[in-house]
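Below you'll find only one chain, the form predicted on its own, shown as structure tokens.
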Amino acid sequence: MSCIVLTGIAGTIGRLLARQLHLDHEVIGLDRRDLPDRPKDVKVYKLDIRRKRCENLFRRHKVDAVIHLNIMHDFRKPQAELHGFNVLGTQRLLEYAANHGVRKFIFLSTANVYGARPDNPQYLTEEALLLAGEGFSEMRSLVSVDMLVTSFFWKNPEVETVILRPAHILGTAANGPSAYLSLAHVPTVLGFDPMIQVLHESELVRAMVAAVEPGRRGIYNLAGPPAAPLSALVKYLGKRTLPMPYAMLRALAQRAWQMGVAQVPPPELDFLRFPCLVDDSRARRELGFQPKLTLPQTLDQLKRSPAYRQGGRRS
């Protein structure tokens, strides 16, 4: 039985993953939040990953693997805070992994780091440039963390480093994609109907469990069922789109962002105009990851979630 440190264990994905991993591994959670409903054999330390005290955990336990989910996605936070938590916190974890003989480091990134752009190819491979930070300053810390872990992958071949870049995640978490599709009237950009890839959170957990297996290393795009037009997703959910000219929608989004009403910054509107589709063939080939849920099944799961029933409000 190997010992796995799971950062961000109190989040939705962290809780789901812990319930799977503790059956075969010793799981130690690391989060600033508590997890009162955790399995009895899972230990949780309430620590900030930026603090040096976290290294004591690696000294006390023979840690075999680290799964890093503890990334701040709240774009309302100041850039300095996002950088400090995401980049510096990840840098500390990588140092602990290198200094204490950790054999595997798994990082959950996002396919959004590629950026939604009019010149994107039909499908982006793992070798594509990470261009989301251009014109989307809030994404820069996420791009920086991905690049930091990628650099660690090449500099530390003795550690099996895995970077997962999933498409839009849907499920019980009140994240951006789930909240957007949960709106009573779904705003879209007039004249645009981009192809969208989604991945249910349960599928993501299966891919992460597969990545824990010895010998798995590298960068992997993850996607669920075949891509579909945004309008098709909205129609299946029984909702109506609210098409608006881009300039008008951008102005409204900017105003809502400034007033604190909107949860996502205006640059994310690019995902309603331009494609950001990933080629997930490497994950299917090397991780053996095959999505089980169809698109209707994925959307049906979303409709059952509390976030969806609340009409898109995010926690």
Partner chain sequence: MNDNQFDDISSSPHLDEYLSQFEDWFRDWGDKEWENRVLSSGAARLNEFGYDPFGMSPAFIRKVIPFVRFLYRAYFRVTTHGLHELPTTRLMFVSNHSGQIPLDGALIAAAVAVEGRPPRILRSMVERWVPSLPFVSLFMTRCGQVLGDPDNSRRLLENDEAILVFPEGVRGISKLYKDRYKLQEFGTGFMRLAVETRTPIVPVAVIGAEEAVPALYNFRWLARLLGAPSFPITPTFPWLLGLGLLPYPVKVHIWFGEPMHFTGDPDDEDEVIDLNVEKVRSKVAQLIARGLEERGPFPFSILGGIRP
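Numbering follows the first chain given and starts at 1. For clarity, every value in this text was computed on a predicted model and none was experimentally measured.
Heads up, the form predicted together with its partner chain isn't pictured, but that's what we're talking about next.
- Only one listed stretch (83 to 91, 173 to 181, 118 to 126, 140 to 148) carries heavy atoms within 4.5 Å of its partner chain in the model of the complex, and that stretch is 118 to 126.
- Proximity to its partner chain in the model of the complex holds for all of D193, L233 and L299, with the criterion being a heavy atom within 4.5 Å.
- Listed residues A98, V209, L131, A228 were compared with its partner chain in the model of the complex; A228 is the one with a heavy atom within 4.5 Å.
- For the chain shown alone, Y45 is not a contact residue for its partner chain in the model of the complex, no non-hydrogen atom being within 4.5 angstroms.
- In the model of the complex, none of the heavy atoms of W257 sits within 4.5 Å of a heavy atom of its partner chain.
- In the model of the complex, D279 approaches its partner chain with a heavy atom inside 4.5 Å.
- Mapping the unseen interface onto this chain, I13 falls outside it, with no heavy atom inside 4.5 Å of its partner chain in the model of the complex.
- Counting a residue when any of its non-hydrogen atoms is within 4.5 Å of its partner chain in the model of the complex, there are no hits in 15 to 30.
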